[in-house]
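Before any questions on binding or motion, here is one chain by itself as structure tokens, the form predicted on its own.
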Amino acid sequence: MIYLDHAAATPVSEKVLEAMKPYFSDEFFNPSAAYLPAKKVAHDYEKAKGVIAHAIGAKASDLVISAGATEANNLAFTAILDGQISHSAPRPAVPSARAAGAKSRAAALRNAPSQDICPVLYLATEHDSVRCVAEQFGGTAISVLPNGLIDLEDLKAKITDDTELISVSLANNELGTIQPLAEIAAIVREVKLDRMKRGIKKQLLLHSDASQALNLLDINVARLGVDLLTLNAAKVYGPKGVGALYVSHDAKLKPLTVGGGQENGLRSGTENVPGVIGFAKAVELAKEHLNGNRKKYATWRKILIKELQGCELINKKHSLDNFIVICYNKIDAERLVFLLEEKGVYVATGAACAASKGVRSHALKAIGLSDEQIAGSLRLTLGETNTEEQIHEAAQIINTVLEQEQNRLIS
């Protein structure tokens, strides 16, 4: 198998799995329990959160652990709901006090405000877990340039005095495009300063989904200037179903899940101790091998781009080193995916969740590709399962399958 879809999923590394194992069996205790073995587990859990937080220049208390990036992204948008609570609020003495308002909060997430007031801006190429929740609030999309980068002028034009939250991914999940978060944050600061001068007290927060970037970019929340940042263990050789949301002290959130008051009242439910232990180990390894991996993937990317025939490279610049997005003229990429699978090469046509539903990529459409180009586009993402020998072999197999498909169409 030659696996070239690491943006969709990564295998749990052996070191991560080893770190997790004791917490499935020997150290199985509930962190909320009062006895010493449970307190040790609670300590290990908080220590693991600290490792994850430290990797992005934050503290353990700044993180809310979630069941993946989708939940973290949804939680970030509760910052624009009324009647907010602080993420640093103490655990409630009576959990039912939060449960009483659960239905009304869920209804608030479902019902968008008046279209005359738009509190949310989001990048047109965002993952559906951002795009869909933003649209529930009547969100407005920010345009991207043909190279996938945010149109900063369009951003400036669309920010109004009603805007409360702007969401722009650090690295796009379909194109790998790295967005200039620091520049966006600078614009946000200017707007906030202008509001202050005019006596407008409405908040303006910057959220970013960094799920694809953690093992390829040196992330620091202060340098990026973000108020909210989403992380995902499943993209960095950690366990699936584990994510985290960094929350600055300026952001006030409301829980999506209520009950026991875990995660400082923002995410109730018994803590996923093995998952967070594994997440921490995965982050630790990602940071340790960051520069080496970037160089390795950049080299392999050049090899693929050079050896692949008859295609157009879509993401030429400003992209993560392991992303290659190509387009074949008048070729059905979905058919190529199945033909390549028969040869043991696994690639994608876009985001896995969209491809499984047969939906055309909104990200490729946003950068100006025609329907025909989108239909002929493949996403190849490199990772730790690959070797340089595999890269050469994959290029050869893809070229062969393409030639066979072209001959079929001619005949």
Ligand code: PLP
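Quick note: we count residues from 1 along the sequence shown, nothing fancier. Fair warning: this is a prediction, and the values are worked out from it, not measured in the lab.
The same protein has a further form, the form predicted in complex with this ligand, not shown here; the description that follows concerns it.
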{"query": "All of 177, 322 and 381 within 4.5 Å of this ligand in the predicted bound form, heavy atom check", "finding": "no"}
{"query": "Partner contact for residue 232 in the predicted bound form: this ligand, 4.5 angstroms, heavy atom", "finding": "yes"}
{"query": "Close approach of residue 211 to this ligand in the predicted bound form, 4.5 Å, heavy atom", "finding": "yes"}
{"query": "Heavy atom of residue 167 within 4.5 Å of this ligand in the predicted bound form", "finding": "no"}
{"query": "Residue contact check: residue 361 to this ligand in the predicted bound form, 4.5 Å heavy atom", "finding": "no"}
{"query": "Heavy atom within 4.5 Å of this ligand in the predicted bound form - the one residue of 69, 65, 52, 347 that qualifies", "finding": "69"}
{"query": "Proximity to this ligand in the predicted bound form, single hit among 281, 127, 254, 267 (heavy atom within 4.5 Å)", "finding": "127"}
{"query": "Segment assignment from 299-307, 70-78, 282-290, 324-332: heavy atom within 4.5 Å of this ligand in the predicted bound form", "finding": "70-78"}
{"query": "Heavy atom contacts to this ligand in the predicted bound form at 4.5 Å, residues of 158-190 in sequence order", "finding": "173"}
